[in-house]
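Single chain ahead, by itself, as structure tokens, in the form predicted on its own.
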């Protein structure tokens, strides 16, 4: 059994960490909001696959208390990437591996200080929300796509085996860049439109013909940019546009009215993951000479929404009657 540190114990970190803990691994969570509740009552997962509770959870307030781990799963919001080294480094031993379980492009670069051989990327295809402190609500799906920064097959197998031991549906991607772009095919249109629409759920997007068409156009642009990068990297792997577009809509059509993480952050007044999910892919596409007009429009609107949340863009006030 492995000792695993979970840094960024929000809904995603708590859910996958709980599955690994239930399987017998020594999982240690760095917590903030849920710390007192989890120490007092443990961690509870509500899921259509079966509810379960962990009455005794190793929850800590500082990374130094966690100690050296075999694996560190970092599931911070990418708005906190600048804090990653400070939070992860105290948990590293000579052979610790780091899994960046986050969305977006340009994530693994934030862990370059650790050396590429020990860094992995992971993308969760999961519908999940936080409940009251100490409770995670898993709604649907849960597959994790993984890759290694150096695309080492042996290292990928080690992470695959770890996740699989917790009953997690895990897929080793053809390479890490492929996995990142595939997840962006969902994240860019649905996170972007959920904020551009003022804080709307996925049902509003897929049932409105104009929003659905925009989501499809954004997906196709992401596929084109991802394939251009894969070609530039010398990879033979390619994203299959018709298959991906059909699959992304099929999954979203059946998930109910899901609130994206970015929409939740927006309506809660928290900073948005706009640069890693929208800005970095757009800039990479521009470097590759790939036009992304729908994504560019979404980036402009979501970037402005983020500035509004951060208080750096003036807004009009309602007129007094």
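These figures come from a predicted structure and were not determined experimentally. Residue numbers count along the first chain shown, from 1.
The form predicted together with a further copy of the same chain is left out here; the points below concern that form.
Contact annotation: a further copy of the same chain lies within 4.5 Å of heavy atoms from the stretch 205 to 213 in the predicted complex, the single such stretch among 205 to 213, 100 to 108, 152 to 160, 69 to 77. Annotation: in the predicted complex, residues 33, 259 and 318 each come within 4.5 Å of a further copy of the same chain through at least one heavy atom. Though the partner is left out of this view, residue 118 does not reach within 4.5 Å of a further copy of the same chain in the predicted complex, counting heavy atoms only.
Using a 4.5 Å cutoff between non-hydrogen atoms, residue 41 does not count as a contact of a further copy of the same chain in the predicted complex. a further copy of the same chain in the predicted complex is approached by residue 282, whose closest heavy atom lies within 4.5 angstroms of it. Heavy atoms of residue 49 never reach within 4.5 Å of a further copy of the same chain in the predicted complex, leaving it off the interface. Interface residue among 53, 61, 264, 288, judged by heavy atoms within 4.5 Å of a further copy of the same chain in the predicted complex: 264. None of 227, 96, 145, 217 but one reaches within 4.5 angstroms of a further copy of the same chain in the predicted complex through a heavy atom, and that residue is 217. Residue 130 is the sole member of 115 to 143 found to place a heavy atom within 4.5 Å of a further copy of the same chain in the predicted complex.
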